[in-house]
Structure formats: C-alpha cells, structure tokens
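Two versions of one and the same chain are coming, encoded as structure tokens; call them structure 1 and structure 2.
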Structure 1
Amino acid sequence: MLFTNYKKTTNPDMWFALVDCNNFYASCERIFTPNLEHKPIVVLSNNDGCIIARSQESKSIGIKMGIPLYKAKEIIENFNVHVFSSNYTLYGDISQRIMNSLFKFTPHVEVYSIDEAFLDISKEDKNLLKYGTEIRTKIKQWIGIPVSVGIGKTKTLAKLANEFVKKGISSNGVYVIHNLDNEKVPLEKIELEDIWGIGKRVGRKIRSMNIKTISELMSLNQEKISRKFNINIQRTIFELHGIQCINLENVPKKKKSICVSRSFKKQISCIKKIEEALTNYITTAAEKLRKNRLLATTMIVFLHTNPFRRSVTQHHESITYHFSNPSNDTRFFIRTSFSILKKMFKDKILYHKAGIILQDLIPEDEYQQELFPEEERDKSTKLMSAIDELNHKMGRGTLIYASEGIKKNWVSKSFKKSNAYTTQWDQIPIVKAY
C-alpha cells in the first residue's frame, strides 16, 4: 500500500552490509597489550582532556562517552581502568589494513569512516548471515580487531541491523534485517535517535508529534511524511521501509574543506602563543593540501573562548579571507593568518581554542592549466583586462558570479573592487579571453 511509486524503482536483490569495528580505538590499543583483554580501557582526546573511546568493560561500568577525564577519575581508580593517550597514526594504519581486507570480499566498498565501511553485497552468496560471519571471523583473524556486521536492503537498514548487534540482540556479531515492515524484529529496543540520520533535535521534533517509536514513525503515510519532514528525514523513513534512497559511494568524494583546530591545554591571552599554535595548524593543513594535490582560495581563522565557562562572556572571533591566487604555500598561509589574527585578536580575553579552515579547494593541475599557462604567470592584470573586455561586450546588467569555489571567490573579489559586471563563469571563456 505505502510508497508504491517508490517501490517500483527499488531493486529487490539489493543488499548492503555495514562493517563496524567494535570500540575501535580501544581495540587498536588492545592489539599491542593483549593482557588487557577483558579489562576496562579508555582512550583520551588530544590534550588528554576527555574520554573519546571505551572498551566494552568501560562502557559496562558506566563511563560515558566524551566526558572530561577528571569527571571519571574516581571510577577509573576504583575499577583499575587502563588509560591511553590517543595515537591517531596507529588507528589510521590499522583502519587502512581493515579496509584493504574488506576489498578481498568485494570491490564494492565504501569507506565511510575510520572504523566503518559499507559493502554492496547484492551479488554475493544468498546466505547473508554466513557471509557476514565470515567477514567478521576473517577480520578478527587477520587484523585482530573485532567487528560487527549489520545487513539490510538499504544502508539505513544495515546501520540499524548493526545497532541490533550493539544492543546485544544478536549474540554472534551479525544481524540481518530482511524486511522491517512484516518481520518480527525487536524494534522496541531501539530508540528513534539510534536511527542513522536522526539526531537529538529531530528526535525531539518527532516525539513532539506524539510519535514515540520506530514502528509509529514507519506507519505514517507518504503524504504526511513529505509534509512534515525535510528531504533527508523523508529518505531515512523510506530507507527503513526498504526503499533505497542512498547509494553506495565507492569513489571517495573530493575534499571540500580542510580544518585543523585544537583547544589549548591552558587558556591563552597572549597573541604570540596563538601565533605559535596557528603556525602548527597551518603546517598540518598545508601538508594535507599538498598531499591531495589541492590549492585553497579561502582561509578562515577562528578563536573561541571556553564554552564550558558559562559565567564568562563568550567570544567567537572569526575572519574569512579570500586569496587573490589559490595557494598551498605554508609560509604564505602563515603570514596571512598572522595578519588576520592581528585584526581580530582582542586583549585580555582568555582564549580556549583556535583553528583554521581552508576551503574552496581545487586540484592543482586543473587550476594551472585553466588559468595560468606557463608563459602567463603574471596574469592578474591581463586577466582583469580580459574580463573587462568581455564585460564590455556583454553589456552592463548582469552581476558576475562563478559557479565553483575558487574561481568564484577570486573573481568576485576582483570584481567587487573594479565594479565590473559579469555573468555565469561557465559562460565566460576566461582562458580564451587572453
């Protein structure tokens, strides 16, 4: 009855698996300290500030995710919990090995996060439970990391199936959802907020509509769903019904921004110290840029006070700066960030966190070919006059704007200054113009 026009487009043989590493960071540490098997472990954030990963034993004794270390001091001492500083290089390396192993099962792998991957297993053995179990066994055997496998007809259902494993509904680490609509699935054990894509806020909204369970959410008709929810939540609900709306993305998406930020160990009110920190962040960010063979046109520098200190007036300083030429030059970024910092820094404020974001990223080679042929590196004047000419030809009356990040900012900045007029970037053959 429901969603009939969607079902037509749904492939009945589509199956997704979600492979999720259990307590990933804690499990990584355990590989090298096998004597800690079955003992409680926690892993700390950057400055050893708060707890960002817990082994099952730590979860069971009530250590909460994300709490500051000092709040868990007592329980850590009482239960002899082993505490690790984080080692992201190690986790990244182990993650890589796990993902490589998954490719041995199927080429259709989407690396979703450091500890999760979706697999399109539509064409695999129809004994899904057995298939999932094999993945689980092999990863444990090859790498030493325990994983849970959730299987369903959509990514959202695969996620949900994984949630069942986490909630202990399946004892062997694998769960298959065939059809949520008419299958006996212990849905009452899952909260609305456990559904992939439904967070705290939307959860609250749904509850305020007097919908308290997943079953109730699923019983809404299509008309009501599209009236009440935005497209993302609509998709999520359709996916719960087994109607595939979200594809497997096995080609990694291009990066759109690079952000490096840290909170300080102690609050800082000295601009020199902040400069030091920025220098570090920028070095990291520029390395990432170059590693991905990208250039950035926009830099945002931001400074925050400590949000946990409610009694103090909060400051969120931030300045966005557009470069006239895209770059990945560390020294240039540092110089720029210092001058931005000087503008926004306020005396006598205790800052708690600083960071930079590089965005409007474009591939190095693309940019150089398009805009800066070898012989015309000193292009800005030429380009400006070329554009001027075009504008003249096209006549006044259309505002310049460009459809893509870097070009957009670069062009719009020049044009704001020159008061020139433009049209869609795509329609201006800039390269040919000069």
Structure 2
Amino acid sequence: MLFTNYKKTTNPDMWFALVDCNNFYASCERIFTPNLEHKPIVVLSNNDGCIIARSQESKSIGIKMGIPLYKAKEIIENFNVHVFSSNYTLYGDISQRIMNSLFKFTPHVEVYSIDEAFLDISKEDKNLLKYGTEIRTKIKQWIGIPVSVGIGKTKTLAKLANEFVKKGISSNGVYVIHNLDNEKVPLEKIELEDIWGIGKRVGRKIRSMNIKTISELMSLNQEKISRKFNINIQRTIFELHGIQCINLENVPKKKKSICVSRSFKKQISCIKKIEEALTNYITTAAEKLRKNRLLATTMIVFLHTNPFRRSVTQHHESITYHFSNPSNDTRFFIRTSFSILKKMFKDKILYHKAGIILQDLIPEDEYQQELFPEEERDKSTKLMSAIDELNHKMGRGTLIYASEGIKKNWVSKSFKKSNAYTTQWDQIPIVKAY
C-alpha cells in the first residue's frame, strides 16, 4: 500500500472546487457584443503588440499564443478574426463581479488569479456534480462568463479535474474526481506539466527519471518520493492520492511588489516625454499602495530600447533606490524617479519602454513611527487621501500631476479597445426599446 508511513489526517468529507473562467479576456469582450458568440477573437498586449488571449475558435484555426500581431495578420484576415486591444479595466471589474458571486455559494473562497478561484464546498450537503453545474449555470446567467468547474478532495485534484474539462473528457463543463487511483479516465491525455505544482522545469526533471505519466508518478512509494523530490512535489503527489496537504487561503497574500510599465506608442528620445510616462506609472502604482494600506521602502526605475530593432543603438538599464523612510506619497516617488532617470538617460537613444517597481512593501500600521512625528507626513497622508477620494468619485484622471503632461503622445497604442462598459458613466451601453 502506498504511503504506509504517512499519517493521514485528511477529513474524508473535505471537497474543493476550482472555478476557472473559459478564455476569460475573450469572454469579457463577448458580454456586450453577443453577436461575437462562436466567432474567433484575439486580445492584444499593451501597445497592440502580441496576442495574449484567444477564444476557442481562434485556437482551433491555429493562432498561437504570444506571437506578434503582424505574424498572424494573414490568418486573421482569412478567417475574419475579431481583434481587441487589452481592456484591463473591464476585465478587472468583471473578475471582481465573478468572485463576489462565488461567495453566494460558500463563504470559503480563495481568489487564485483574475479568472480562477478555489472553493471549499465540504459543508455543502448536495450532489457534487449538480452543485458544480449550478455554479456554472449561475455565473453564466448573472455575469455572462462561461466557466469550467473541477471538484476533488484536494486542491490539486480539483485543479486536475478542471484540466479534464479543458481536455474534453467532460462535455458538460463540470468534472468530479472521487479517487484518481480508480478513475476511469484516459490519464494519458494529461501531461505531467498539466498537474498543478509541476510545470515545465520540474516536468523535465521528472521525465529525466524515466517517469513519463501521471500513473507512473503516482505508483512511486513514499520512500522513493521522499528521496527524489523536494517537499513541494511530495505534497503534490500526496494530493493526487487524495491526501490533503494544501489548505484554502481565505486571506489574500500581501503584495510583495507593485510594477507598472508600458511600451511607448513610438520610440522616444526626449527625456521630458519619458518623465511624463513615469509620472503616469507612478501615480497608478502609488494609488495601489494606498488602496492596500502599504508603504514602499525601495524603488526600481528601468528604461530600455527595443531589443528587436537591431539597427538602432541598444541601451538597457535599471537603478534601485532605497528610501530612508517608507512612503506612499506620489509626489516623493515622482521626484525620486526623475533623479534616477537623469542618471541613466542617454541622448540620441531611441527608447521603447520604461517602468517602475515599488518593492519591499510593509503595512502602514507596522511602520516604526518616529518619536516626534513630522507634521509633513500628516499633511502628506491627508493630501493623498483627498486626491484619491476625488479621483474615485469624479473619475480617474480628474486630478493629475503637471509632470504627466496633457497630450501624452507616449501612451501605448490601443486602436481596438472596447469601452469600459461597467466603470465609466459615459461608456455604459445604451439599450433602445421599440
């Protein structure tokens, strides 16, 4: 018997569900343009550069993930593929609505990513398949997004059950794994790399040990597992056997860093334009800091040219700056970034991208206060709060910093961006009744 020395403490009534939005970005674009149902869609990265999301129809006609838009131009034209610039404001709001809806099914929800969430459904006294189908039906009805639901006794099995749905093993969008050892499914359809916690690098290592399939991985005894793998992989294998090792994380993990960067619409050789861009990026990052009640102790500013343009002079540089006192004051970050930029900027260089990273973040209430608090810090807090509140009520960008500029010729291209249907009053869809 496997794992004879392992003390099993798993609750036999424990069940997890993994709710995963299908082709999330493309599905968000379909909510307000339902005539695009069953038609190929792709969503582009910042600056309309590469394809970062595809509908199932786009995948079926051979459009690859991550390729530059120009390389897919022919297939897009031949199959009349609908192209959208990324609209993260819309995607973020739809994601929040989905997560809020999931709390109606159970109070135990872990938001895993923008389009995935784990649910602890152990106390739900229902037929599991029927329960998963109800979740899928209601999310589609309430939000308009199709989801897949995988259910298992551990988070790893729930994730794997969701993979079964994606591989077409389940036709109704829901799959329940009761016991993987006895599951009557073609496990050969699932690659090692498809298992949550394995990935490509670890998958290569496991294959080098002449372990090619999930069945072979699960057939190892506890002694071999302990000798060959680290604790994380051991947990993954135990979870495949229904032994719970990974708990639900109801409290979101604290952010460790905040990064904001963009490619410019056109290559820039003017330091003033780059300062405008940095001001915009810092404003966004600092707002996120204050929203999460955090302070930053370190800032990294980076600047680089386009590595694919071999004909132009290349320059890639970043500088790290450590603050003497943690802060979340936008004005302080802007002044600091300008000083850093002047040190690394070079004349007659065509720059393609800039960005900032705020890291080594600490909670506001854990900051070691000074014995004699400075009046300036109190003024800063009140001013930042007032600006955030005004921009929240009146719309983002109501108040901006002068160094951000007015024309903003550096802003990334987004020629095919859909409206912010759910967050901007002037972009709400108009419905006419006749």
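For numbering, take structure 1's sequence and count from 1. Small disclaimer: the values here were computed from a predicted structure and weren't measured. So that the term is clear: the rigid core is the largest set of C-alpha atoms that superpose within 1.5 Å between two forms.
**Student:** Structure 1 or 2, which would you say is the form predicted alone?
**Tutor:** Structure 2, which is the form predicted alone, differs in this respect from structure 1.
**Student:** Looking at how the chain moves between structures 1 and 2, with two rigid parts pivoting, which one of Gln56, Thr320, Pro252, Ile271 falls at the hinge?
**Tutor:** Where the rigid parts turn against each other between structures 1 and 2, we find Pro252.
**Student:** How many degrees of rotation separate the smaller rigid part's two orientations between structures 1 and 2 when the larger part is superposed on C-alpha atoms?
**Tutor:** 12 degrees, smaller rigid part against the larger.
**Student:** Hey, core superposed, how many Å does Ser261 shift at the CA between structures 1 and 2?
**Tutor:** On core superposition, this C-alpha lies 2.8 Å from its counterpart.
**Student:** Cα of Pro307: shift between structures 1 and 2 in Å, core-fitted?
**Tutor:** Its C-alpha shift, to one decimal, is 6.1 Å.
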